[in-house]
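Let's start with one chain on its own, the form predicted on its own, as C-alpha cells.
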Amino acid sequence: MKIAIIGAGAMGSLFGGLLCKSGNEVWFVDVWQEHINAIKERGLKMCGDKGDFVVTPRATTKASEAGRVDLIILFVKGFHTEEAMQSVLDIIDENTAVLTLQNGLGNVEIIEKFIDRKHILFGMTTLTSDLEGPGKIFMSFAGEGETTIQPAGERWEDAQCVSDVFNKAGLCTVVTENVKQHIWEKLVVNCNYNTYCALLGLSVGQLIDCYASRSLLVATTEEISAVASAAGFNLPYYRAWEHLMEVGEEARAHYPSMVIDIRHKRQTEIDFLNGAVVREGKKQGIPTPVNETAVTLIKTLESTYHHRK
C-alpha cells in the first residue's frame, strides 16, 4: 500500500516507520526540514524495548511530491487539520482513504469540508512515542497497545483493508462500530496526562506517582465522565478512572506531546482536548470548572511565552 503520513512527529513517525518496515511504500510529509533531511540522509531510527532499527521511508516537505496515494494518515495537531487537508488535495483520487488518528474531537468535521465523508476513516490509538531529535524516535509504550478505526461513511471494506495492513505491521488494530466511545476514553487520558504533564513538566509516571496530583486527576475525570454520559456514551467514572490508570502504567516513561509544545513555546491542541470537554459540557448543561481551569492555565502559558527564558 502507498501511504502518506501527514505530520511526521512522534506518532506519525511511529506508525509510518512500522508501516515502512513491513513493506509498504511510505511517504513522510512534515514541515520540519531538519527531520525530513535526517530521514533522507540516514533513515528513521526507531528505539524501544522491542529493539532498535532503522527504516527508510520517503520524506518530503511537499505532499504533492508523493503523487497519488492509497491512504493518507493525519497526525497533525487539530488546529493544523484544515491546512493539512488543503496540502494533500493533489494526491487524493476517488480511491484514496483519509484516516485521522489525531487527538481530541472535531477533526472529522474539518476533513469533510474537503472530501466526501465516505472516504474518511477515523480512529484512536493507545500507543505512545517520543521524538528524540531529527530522524529518531523512542517507542515509549509498553505492551501491545491498541488502535481502533471506523469509517465515517459506510465503506467498511476500506477500514478492514487498513486494519489488515496495520496488523501486518505489528500495529494491533481492530475495526469497530464504536470508535467514538474509544475516543472519549482516550480523551480522559489526554485531558489528564497531556495537560497536567505539560503544566508541571512531568512524565506520565511522575505525574501518577505524585499523590498530590490525585485529586486533580479525579476531578478532571469525573467531569469528563459526566459530560460523556450526558452525550450518550457509556463512560461511568469507575471505567474512565480504570482506563486512565491502565494507560498510565503502560506509558510511564512517556512525555506527552503537549509537554514538548510548552517546552518549545508552541501552540498546543488544548482546544481539541479539555476545551472540547468544556464546549460539550455547555451543550449538555454539565458544569466543567476543572477542565475550564486547565484550558485557562494552558492558554495563559501560551500567551506569556515571551516572558519566559
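From 1 onward, residues are counted along the sequence shown. Please read all numbers here as calculations on a predicted model, not as lab measurements.
This protein has a second form, the form predicted together with nicotinamide-adenine-dinucleotide, left out of what is shown; the following refers to that one.
Proximity of Arg155 to nicotinamide-adenine-dinucleotide in the predicted complex: non-hydrogen atoms within 4.5 Å are absent; the residue sits far from the partner. In the predicted complex, Ala8 approaches nicotinamide-adenine-dinucleotide with a heavy atom inside 4.5 Å. The shortest heavy atom separation between Asn192 and nicotinamide-adenine-dinucleotide in the predicted complex exceeds 4.5 Å.
Within 4.5 Å of some heavy atom of nicotinamide-adenine-dinucleotide in the predicted complex lies at least one heavy atom of Val29. The candidate spot formed by Gly12, Glu83 and Gln102 lies fully in contact with nicotinamide-adenine-dinucleotide in the predicted complex, as each residue has a heavy atom within 4.5 Å of it. Val76 is the sole member of Val188, Leu207, Val98, Val76 with a non-hydrogen atom lying within 4.5 angstroms of nicotinamide-adenine-dinucleotide in the predicted complex.
Proximity to nicotinamide-adenine-dinucleotide in the predicted complex, defined as a heavy atom within 4.5 Å, holds among Ile183, Val162, Leu127, Ala228 only for Leu127.
Contact with nicotinamide-adenine-dinucleotide in the predicted complex, judged as any non-hydrogen atom within 4.5 angstroms, is confined among 244-252, 48-56, 30-38, 274-282 to 30-38.
Contacts with nicotinamide-adenine-dinucleotide in the predicted complex, taken as any heavy atom within 4.5 Å, map within 245-279 to Glu269 alone.
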